[in-house]
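In the form predicted alone, a lone chain appears below as structure tokens.
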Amino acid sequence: MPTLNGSKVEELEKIARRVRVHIVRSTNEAGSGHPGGSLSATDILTALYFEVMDHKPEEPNWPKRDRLVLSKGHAAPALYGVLAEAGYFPVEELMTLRKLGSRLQGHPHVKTTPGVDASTGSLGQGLSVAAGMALAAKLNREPYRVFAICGDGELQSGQIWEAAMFSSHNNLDNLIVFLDRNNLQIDGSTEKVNSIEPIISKWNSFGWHVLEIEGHDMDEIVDSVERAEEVHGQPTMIIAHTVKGKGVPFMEGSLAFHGKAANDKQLETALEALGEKNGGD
């Protein structure tokens, strides 16, 4: 049975569409950034912040909040878009992305941006941070959960597997990780650069509970978290199959927009594809 009713799915999809608009606009304004991997992670972040996680935008450091570590920190435009939509800071501030003095730098910064739980950007490190947070919750007998989002190319980092061993060794069943499996990294496909398959058996062998979902399906995303919470004594890895550049046809499945913003003409095309025309719905 579906986890979400139709109206809730529609609401989440509308938020995700607005976040995608924020991504292409803010990176265009900055003249730089990583739109491709931000667009592929948008639905996961939207579902987490608007349906799954316990958090308070009016109190960003609420001690009992669920934590989110964006291990693939270059996807910051997606996180910022979701945080702005949730009310952590004004939507208008998104247009200051990557500018001097802005709270919204190219990678998340825990000390400057409301709602950011960890500074990330050096690939491979975020999962270790998330594992540490999850262990702290266990030791302090706190009920909060820790979510992390990793990139698939990021799995080529050795520190990921150290964190994987640590997490299962410490039975961190309050740690839920999404793998943004868009199959592309900066130098090409993950399978050509350095194959990460077989992913499922690898994570199983490291003592993790593994799920596999369609990463752009809101119902599957939310349902996977509910299934993860039924597991005791193991962290969960959710392999979310996604499309790099999702929602913008000329960016979908394209390496060109891994770390390049749309120019002004491309922005117009992207906004039209996202249902925006002349700056409005």
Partner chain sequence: MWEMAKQRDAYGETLVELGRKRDNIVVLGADLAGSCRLKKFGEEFPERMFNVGIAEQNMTGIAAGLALSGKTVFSSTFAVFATGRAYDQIRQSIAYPELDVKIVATHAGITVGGDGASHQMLEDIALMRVLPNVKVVAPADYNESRKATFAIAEEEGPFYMRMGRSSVPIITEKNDPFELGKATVLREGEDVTLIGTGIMVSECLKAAEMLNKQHDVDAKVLNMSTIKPLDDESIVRSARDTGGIVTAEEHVVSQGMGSGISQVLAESNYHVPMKRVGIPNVFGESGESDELMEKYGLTAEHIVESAHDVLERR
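All values reported here derive from a predicted model rather than from experimental measurement. Positions refer to the first chain, counted from 1.
Same protein, other form: the form predicted together with the partner chain, not shown, and the subject of what follows.
Q: Since only the chain is shown here, I'm wondering whether Glu191 would be in contact with the partner chain in the model of the complex (any heavy atom pair within 4.5 Å).
A: Glu191 lies outside the contact set for the partner chain.
Q: Taking the partner chain as it sits in the model of the complex, is Phe166 in contact with it (heavy atom to heavy atom, 4.5 Å or less)?
A: Phe166: contacts the partner chain in the model of the complex.
Q: If you check in the model of the complex, is Glu162 within 4.5 Å of the partner chain, heavy atoms only?
A: Yes, Glu162 is a contact residue.
Q: Does Ser122 make contact with the partner chain in the model of the complex, using a 4.5 Å heavy atom cut-off?
A: Heavy-atom contact with the partner chain at 4.5 Å: present for Ser122.
Q: Can you check 106-114, 85-93, 183-191, 147-155 and let me know which stretch has heavy atoms within 4.5 Å of the partner chain in the model of the complex?
A: Going by heavy atoms within 4.5 Å, the stretch is 106-114.
Q: Residue by residue through 126-140, tell me which have a non-hydrogen atom within 4.5 angstroms of the partner chain in the model of the complex.
A: The stretch 126-140, when checked against the partner chain in the model of the complex, contributes Ser128, Val129, Ala131, Gly132, Met133, Leu135, Ala136, Leu139, Asn140 at the 4.5 Å heavy-atom cut-off.
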